[in-house]
Ligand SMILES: NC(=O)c1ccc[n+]([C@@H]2O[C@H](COP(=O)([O-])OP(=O)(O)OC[C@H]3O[C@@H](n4cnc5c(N)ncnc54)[C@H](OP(=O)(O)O)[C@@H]3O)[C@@H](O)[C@H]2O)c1
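Have a look below at one chain only, the form predicted alone, in structure tokens format.
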Amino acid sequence: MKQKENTINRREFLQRLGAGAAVVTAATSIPATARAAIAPQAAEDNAMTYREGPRGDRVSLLGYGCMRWPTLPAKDGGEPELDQETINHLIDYAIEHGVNYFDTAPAYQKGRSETATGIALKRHPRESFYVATKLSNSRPPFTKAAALEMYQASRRRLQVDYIDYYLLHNIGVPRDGETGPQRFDTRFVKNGVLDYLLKEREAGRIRNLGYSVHCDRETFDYVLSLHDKYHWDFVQIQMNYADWKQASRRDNNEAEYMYNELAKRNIPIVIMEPLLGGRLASLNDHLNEQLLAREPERSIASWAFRYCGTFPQILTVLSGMTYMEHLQDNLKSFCPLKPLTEEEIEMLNEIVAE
């Protein structure tokens, strides 16, 4: 029996939780529009949870971040080579256990991530996976020719005729005297690059076009305002239970604001940094003990993954799983997802405050 998913309102959600569920104030809980209700599985207890993508794709809620593939020891003082055999094994295991979304970029491991990912995925039927990569044209001059060569090189390295999810990478960080919106226009609009990518989407060589966000609110609002013109298929943001309200860097606006603005427009969201750069994989001893007392069979990291997965607008949650033990542990969080309750969300809010 395949996993069934739906989205319900707050009243229905709380009724399903039961009369004993704790209800916390709206100021500290997930908004009513941001609750997920995952129907229980009668069979396949270890089956992956999936979300529906913008074109009807059935996307695994756990996505594979391919930024840091394992390496072999360097030879003669050279640069370490990627461990292709281990990468193949990791991807084989992930696909076997339901993971079908793989995220890479030209900037990852100097382009070698795309190459290694392509080699590993090529061994599987094309319809069995979705591959995401990015236009990482972060260094001037921002010419159309350079951007298109980067795009074509990604397709060659990945060995694919089409890219399932293509992103404008790291939009709008203000630099060189430009504001975030000006930088976005310089990199993607004025040089004709975005017009070209839109035509590639029309031709089917890009199935979904979106962007990844490390920017201030001004830039986020500006690019999102272009949705009516460009029809973004998805957006990738940084989100975790610490950043929901507490993000402090100028290039990482509060996840709560970004999530709700995207949800209003029904734009699917891809999550990066669910562990806040690994900092939510293990807390201090007191807080670790608190979480382990509630779920002794789960890792500390699982709380962060389940937090993100609880939001229904989330398409997939990326994790950079360099080692098999990371992959196996993360699969437990999504096979299937056990959404957090209101009371558990409040507990995580208190942990963030502490």
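These figures come from a predicted structure and were not determined experimentally. One-based numbering along the sequence shown.
The discussion below concerns the form predicted together with the named molecule, not included here.
- Note on the partner interface in the predicted bound form: the residue among Leu291, Ile314, Val59, Met321 having a heavy atom within 4.5 angstroms of the named molecule is Met321.
- This chain lacks the partner; the member of Leu276, Leu226, Leu198, Leu283 within 4.5 angstroms of the named molecule in the predicted bound form by a non-hydrogen atom is Leu276.
- Within 4.5 Å of any heavy atom of the named molecule in the predicted bound form lies no heavy atom of Glu114.
- The named molecule in the predicted bound form comes within 4.5 Å of a heavy atom belonging to Phe305.
- In the predicted bound form, the named molecule stays beyond 4.5 Å of every heavy atom belonging to Arg207.
- A residue is said to contact a partner when one of its heavy atoms sits within 4.5 Å of a partner heavy atom; Arg298 fails this definition for the named molecule in the predicted bound form, lying far away.
- Taken together, the three residues Cys66, His214 and His326 all lie with some non-hydrogen atom within 4.5 angstroms of the named molecule in the predicted bound form.
- Partner contact region in the predicted bound form: 101 to 109, out of 101 to 109, 227 to 235, 115 to 123, 181 to 189, criterion any non-hydrogen atom within 4.5 Å of the named molecule.
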